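Here's a solo chain for you in structure tokens, the form predicted on its own.
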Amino acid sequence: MADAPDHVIWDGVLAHLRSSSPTLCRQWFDEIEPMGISNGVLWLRASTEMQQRYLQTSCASPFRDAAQAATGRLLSVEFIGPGEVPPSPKHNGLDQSSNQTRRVVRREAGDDELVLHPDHGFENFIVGPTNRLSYAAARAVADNPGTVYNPMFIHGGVGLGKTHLLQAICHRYLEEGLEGRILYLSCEAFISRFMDAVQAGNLNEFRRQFRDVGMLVIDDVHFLCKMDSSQEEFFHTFNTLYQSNRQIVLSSDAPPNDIPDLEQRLVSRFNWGLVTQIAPPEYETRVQIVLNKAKLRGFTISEDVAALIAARFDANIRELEGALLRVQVHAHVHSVPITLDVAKDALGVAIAATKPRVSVQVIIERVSDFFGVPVPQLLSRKRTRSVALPRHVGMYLSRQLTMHSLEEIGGYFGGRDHTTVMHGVSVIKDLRERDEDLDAAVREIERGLVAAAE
């Protein structure tokens, strides 16, 4: 076929991507610049080097398939960075600038280094009560590396935004062009590199790689537990960087003092700077997270849809994003716009089943009246069955009839944590299947609450 103008080819590539890989697409894909077809290669220029590397590592195969579908030719795809031009470009119907002379220069990082996601900047981090301190500290570290909060230690459960903040710090460091290389990788990669260096008798090179950097960022540092020789090496690496005022940023699923089998001297050093925790986001923050995730993926949803997802999924941000992708794919497969009913259908929520406006406090009072257990006892630490069972029923109904997170529900029930609430909900779910009397009691309380709320 004859070569088409660049905008036609690129529009075709984007259209195919949005049709075949909707969950891959990002809003910034529109900023990618087609640079021509040369020697069987479609050259695409990214707006930033981070976008370029992300495209190379995560998007090469779908883009190649899209290019072949859009042109009907057996093409490969290469991504170049800002200011770069393809080698020996040929005029094949796509715009070229004859005065461009900068050639492609590859900047390959280590295979085990983590890729910075273009979406994970500070501007895309939704701040709420449960992450505000960690966000503020990360901004301070990014603006003044090595001078404030060194080391910075962020801990929290899976999928709550620790990695986002680590990458945001890296983004800012690279954007500012600060002196010194940045090394960002997982703790497992650190251990693996160290073991390889020991076996190869190449510890000097290993130490040069880790100690001659401007900033060291390690994700999931809790994997150092029980690794005695790796802990020894990390201790000396930490000391070298700290004494040179080089920034150290660490993340973990637990605070330093709670990481099992971690040497006390490392625990002490991890506590030298600032230790912050990220907890599960509350409802309002979850709504904003869902809206922002949709925007970054190049589509919009109503606040009603975001509220539905935020109400049904409260464990972590990955769960929210997974639910959003299910809605997106469902709407794409059925070629329908994303409405509240479509979202309910995608998530398996009955169309007519909307949550009534019931407060946790009202649920506690109704459960107290039904079982004849005073409210103070429901909220107490008593664990006798006569108190624990009604308490679990209250937790279960709060989960079913309100938009509160597990952690928020636990706060109403005497300051209990989210795992306690999760256990209570699970207990009642199991008992309802086996105990007809309890099932009838729960249904009766629920009917009364729903009727009062309507």
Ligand code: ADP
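In case it trips you up, residue 1 is the first one in the sequence shown, and so on. Note that the coordinates shown come from a computational prediction; the quantities given were computed from them, not determined experimentally.
Missing here is the form predicted together with ligand ADP; even so, the following discussion is about that form.
For the chain shown alone, residue 157 is a contact residue for ligand ADP in the predicted complex, at least one non-hydrogen atom being within 4.5 angstroms. In the predicted complex, at least one heavy atom of residue 321 sits within 4.5 Å of ligand ADP. Taking the partner from the other structure, ligand ADP in the predicted complex has no heavy atom within 4.5 Å of any heavy atom of residue 145. Among residues of the shown chain, residue 247 is not one whose heavy atoms approach ligand ADP to within 4.5 Å in the predicted complex. The partner is absent here; in the predicted complex, the one residue of 164, 193, 171, 366 having a heavy atom within 4.5 Å of ligand ADP is 164. Of the listed positions (80, 289, 262, 213), a single one reaches within 4.5 angstroms of ligand ADP by any non-hydrogen atom in the predicted complex, namely 289.
Of the stretches 124-132, 302-310, 331-339, 237-245, only 124-132 has residues with a heavy atom within 4.5 Å of ligand ADP in the predicted complex.
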